[in-house]
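Encoded as structure tokens, the following chain is the form predicted on its own, with no partner shown.
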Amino acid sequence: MAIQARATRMELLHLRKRAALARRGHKLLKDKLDELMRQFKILLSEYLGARQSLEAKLETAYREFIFARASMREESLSDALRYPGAVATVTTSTRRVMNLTLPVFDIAMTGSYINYGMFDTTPELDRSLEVYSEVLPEVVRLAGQEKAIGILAGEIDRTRRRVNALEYILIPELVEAVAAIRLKLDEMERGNLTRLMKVKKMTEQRREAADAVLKAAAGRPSTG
């Protein structure tokens, strides 16, 4: 929708200020978008590398656990895993990126993950639990990275919409409104100039007519 504005110099000055402000805002938002994209690429690269490493370790843990389950009786496996000996404590913190607060998750492990006897268990179970204990901190950190990526992606989307709104809607509308007002003011100035020239011509004609009357009266012979 085109901006509706009165064709006055005050309105023209106001729209020019708005256009200049919109251009500055567009530049700032564009710089912000570029920095957000840079941070997003860095975080995404770290996340993909960590996820690839985590998936490889989890595949090893799953395979060892399947071997352990296949070589142990169901009752023995349930008894071995019934009472966990390790306690995981998740801590949260934040870090700032631009105007965003991104979460950082970390975990601390206490106790031993092996809380069973060796008589009815297999080495595959020990190995699988060992890998699980190693990957658990990575899983927690990865969850924090996923949340941070989601927050960054949302802010990038909002910022991009604002940049596009300024670049393709508001600034062109302001430029168009300024040009329309400038055109109307020029037309009004030309109209005023034309009227002034007509008034001046009429004034000169009246002056010439008055001068002619005065000259005629001065040349007329007096009587009496």
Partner chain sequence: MKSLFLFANGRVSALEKDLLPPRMWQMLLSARDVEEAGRLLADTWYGRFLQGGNFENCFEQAAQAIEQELMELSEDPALVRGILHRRDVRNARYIWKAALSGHPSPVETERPGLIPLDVLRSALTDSEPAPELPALMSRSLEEIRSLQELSPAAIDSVMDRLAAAMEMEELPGMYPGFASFLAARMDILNFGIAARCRLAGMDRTASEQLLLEGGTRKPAEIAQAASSGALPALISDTVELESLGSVLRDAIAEKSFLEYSRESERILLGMLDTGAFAVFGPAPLAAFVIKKEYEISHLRILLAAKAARLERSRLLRRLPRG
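From a predicted model like this one, the values you see are computed outputs, not experimental measurements. Positions refer to the first chain, counted from 1. Rigid core: the largest C-alpha set superposing within 1.5 Å between the two forms.
The form predicted together with its partner chain exists for this protein as well; it is not shown, and the discussion that follows is about that form.
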> Is residue 127 close enough to touch its partner chain in the model of the complex, meaning at least one heavy atom pair within 4.5 Å?
Replying inline: yes
> Any chance residue 195 has a heavy atom within 4.5 Å of its partner chain in the model of the complex?
Replying inline: no
>> Within 4.5 Å, heavy atoms only: does residue 82 come near its partner chain in the model of the complex?
In response: yes
>> in the model of the complex, is there a heavy atom of its partner chain that lies within 4.5 Å of any heavy atom of residue 73, even though the partner is absent here?
In response: yes
> Pick from 118, 108, 151, 143: which has a non-hydrogen atom within 4.5 Å of its partner chain in the model of the complex?
Replying inline: 118
>> Going by heavy atom distances of 4.5 angstroms or less, which of 190, 57, 63, 158 would be at the interface with its partner chain in the model of the complex?
In response: 63
>> Taking 4.5 angstroms as the heavy atom distance cut-off, pick the stretch from 22-30, 182-190, 63-71, 35-43 that is near its partner chain in the model of the complex.
In response: 63-71
> Is residue 120 among the residues whose Cα moves by 2 Å or more between this form and the one not shown after superposition of the rigid core?
Replying inline: yes
>> When the rigid core is used for the superposition, does residue 161 move between this form and the one not shown (threshold: C-alpha shift of 2 Å or more)?
In response: no
> Can a Cα shift of no less than 2 Å be assigned to residue 54 between this form and the one not shown, given superposition on the rigid core?
Replying inline: no
